[in-house]
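Given next, in structure tokens, is a single chain: the form predicted alone.
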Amino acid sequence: MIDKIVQSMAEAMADIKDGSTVLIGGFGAVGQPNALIDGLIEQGATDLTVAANNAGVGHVGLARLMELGRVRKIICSFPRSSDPVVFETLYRAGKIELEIVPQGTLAERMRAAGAGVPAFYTATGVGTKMAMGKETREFDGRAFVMERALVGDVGLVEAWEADRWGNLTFRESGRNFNPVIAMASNLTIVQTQHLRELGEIDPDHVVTPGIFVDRVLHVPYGDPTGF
């Protein structure tokens, strides 16, 4: 019987290795798997490369992971946010590496990884510092820069609903990067607001099929009533 539901955070975080590339869902705080980030802090893996939309806020979640010295490199679109003090302090001290990737390119690099596409060409970034050192080609008289797929050793995802097969739905803007991160990661770990019995989720509503999911942890919070 396929059952991807785990019973504890320790079980969800098992076997994450030092030096891993970790993809983290969310647009700011929306759709961010905060419980799983805290679980990763407790788990202890270090020397991580983290890819996320932004570089954390305040001293919690991703910012706390960086503050503890566990992140070697951050790949993101918006390193500065409303309170980026942790990232800025580390970056100015030369204690963390930054790779800025335009938001659409970041999403496409993950989607490409999930689709088995090793690289693609985009006009975004051509002629800027973001294109330095990258292959460029001309198509129909226009220059494009090659971007490589971004594969995660681990993906941390926040979902609204899940069943024991790992089928997922997302609520409104909480969807953001989460589906492509699930596709792009070798080990996809999901925290879900609601657990549903097999068959309760309308197949037409499934955004991420369970084939892309390895572990599901029930983390109820907020509105318990569902849609």
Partner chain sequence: MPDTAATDFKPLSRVEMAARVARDIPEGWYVNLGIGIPTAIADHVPLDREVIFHSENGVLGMGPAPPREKIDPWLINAGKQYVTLRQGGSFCHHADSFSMIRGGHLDLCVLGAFQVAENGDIANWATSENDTAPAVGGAMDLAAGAKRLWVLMEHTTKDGTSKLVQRCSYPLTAVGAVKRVYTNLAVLDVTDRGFVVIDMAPGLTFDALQARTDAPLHRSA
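Residue numbers count along the first chain shown, from 1. Since this is a predicted model, take the numbers as computed values, not measurements.
Keep in mind that the form predicted together with its partner chain is not shown, yet the notes after this line are about it.
Which of Ile189, Leu168, Ala52, Val180 has a heavy atom within 4.5 Å of its partner chain in the predicted complex?
For this set of options, the contacting one is Val180.
Given that the partner is absent here, state which listed stretch (156 to 164, 37 to 45, 58 to 66, 195 to 203) has heavy atoms within 4.5 Å of its partner chain in the predicted complex.
Every other range fails; the passing one is 156 to 164.
Quick check on Val101: any heavy atom within 4.5 Å of its partner chain in the predicted complex?
Flag for Val101 set to yes.
Partner proximity in the predicted complex: Gly125 to its partner chain, non-hydrogen atom cutoff 4.5 Å
Answer yes; at least one heavy atom of Gly125 falls within 4.5 Å of its partner chain in the predicted complex.
Report yes if any heavy atom of Ala107 sits within 4.5 Å of a heavy atom of its partner chain in the predicted complex; otherwise report no.
Ala107: contacts its partner chain in the predicted complex.
Please tell me whether any heavy atom belonging to Arg80 falls inside 4.5 Å of a heavy atom of its partner chain, as the geometry stands in the predicted complex.
Contact with its partner chain, yes.
Even though the chain is shown alone, can you say which residues of 161 to 186 have a heavy atom within 4.5 Å of its partner chain in the predicted complex?
If the 4.5 Å heavy-atom criterion is applied to its partner chain in the predicted complex, 161 to 186 yields Arg171, Glu172, Ser173, Gly174, Arg175, Asn176, Phe177, Pro179, Val180.
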